[in-house]
Structures are given as structure tokens and as C-alpha cells.
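In the block that follows, a single chain appears as C-alpha cells, in the form predicted alone.
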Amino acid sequence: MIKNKKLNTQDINIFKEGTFITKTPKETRNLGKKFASALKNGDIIFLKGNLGSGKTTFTQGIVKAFGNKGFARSSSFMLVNEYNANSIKLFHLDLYRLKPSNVWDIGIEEYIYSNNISIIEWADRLIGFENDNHWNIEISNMQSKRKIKIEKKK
């Protein structure tokens, strides 16, 4: 387990499989910013965790790292937020309000196969997704800290 290590943004291999501890929302956003250095066009990120675990906070760091001036908000009520960031779009999808049987009805394939970056909260509702090539991020609360497990699925 890696704890409180200062990350070199050029060392993206640290994100292939690692567990990180953050103590504040700011640290969680900063980890998201550093993780963004490992992303490329077409990447899909599955964010898993309970309500309030920090999924959107982590996403805020990713969005900021790509140069978007806006503030990433939870997309629970809109399902999808789109951010223009430099030469790429970031799609922040939140499947919380959908039943697994209805996820494909919103045209989700237009986002995840767009060659942009898709960040999907509550990705466990995305049944039938055949692409094993994605990032899996699990965030859990541990008293006043967050445990963030990141792994690249191939």
C-alpha cells in the first residue's frame, strides 16, 4: 500500500495497480489530478463507492487536470455532464438513478465508444459491457480517510 507518497506525474505506472489513502477532499482532488496524467483518448473509468465516498471529488481533480475551468458537479440529476478540456471531451456519467436494465436506453455507447474519456459512477449498473480495457477505481471511507484503489483492467 502506498501512503502519503508524493507522486511524480511522469510516473504513470504507479496507477496500473495501487492503493492510496487521502485524508481530505483536497487530497482526493489532487490524487485525481495526478491520476489524469495516466489517461488517454478512449479511456473509460469505472468509479465505485458508496454515496458520499468521494467519487465526484476525485472526478473534479481529473477535470481540472485537463484544463477545464469549470467545476465538476455530481451528475446524479442530469445523468451526463460534458466537459471540454483542451483537445478532448470528458464525459462524467452517473448511473445511480438508473436500473441496470435501462442503462443502455440512454445511448451510453455514444459516450463510451467516442474516443474521448468517460468517467462512470455506479458502473456496476453497466451490465453487458464487453470491453475489459478500462480503469477500475474503488473508493471507500475509513473513518476520516478515504481508501482509493486504482487498477487498470485489460
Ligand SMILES: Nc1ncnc2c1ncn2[C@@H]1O[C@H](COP(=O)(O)OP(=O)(O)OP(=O)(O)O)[C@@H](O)[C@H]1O
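It should be emphasised that the depicted structure is a prediction, and the values quoted were computed from it without experimental measurement. Throughout, we count residues from 1 along the sequence that is shown.
The same protein also exists as the form predicted together with the named molecule; that form is not shown, yet it is the one meant from here on.
*Asks:* Heavy atoms within 4.5 Å of the named molecule in the predicted complex: does residue 122 have any?
*Replies:* Yes, residue 122 sits close enough to the named molecule in the predicted complex that at least one of its heavy atoms falls within 4.5 Å.
*Asks:* Does any part of residue 146 reach within 4.5 Å of the named molecule in the predicted complex? Heavy atoms only, please.
*Replies:* Flag for residue 146 set to yes.
*Asks:* Would residue 133 show up as a contact with the named molecule in the predicted complex if we use heavy atoms at 4.5 Å?
*Replies:* No, residue 133 is distant from the partner.
*Asks:* Give a yes or no for residue 50: in the predicted complex, does one of its heavy atoms lie within 4.5 Å of a heavy atom belonging to the named molecule?
*Replies:* Output for residue 50 is yes: heavy atoms within 4.5 Å of the named molecule.
*Asks:* Kindly indicate whether 68, 82 and 114 are, all three, within 4.5 angstroms of the named molecule in the predicted complex, using heavy atoms.
*Replies:* Result no, not one residue of the spot touches the named molecule.
*Asks:* Thinking of the named molecule in the predicted complex, which stretch from 114-122, 101-109, 36-44, 83-91 has heavy atoms inside 4.5 Å of it?
*Replies:* Only one stretch qualifies here: 114-122.
*Asks:* Only counting heavy atoms and a 4.5 Å limit, does any residue of 16-48 reach the named molecule in the predicted complex, and if so which ones?
*Replies:* Residues within 4.5 Å: 22, 23, 24, 25, 28.
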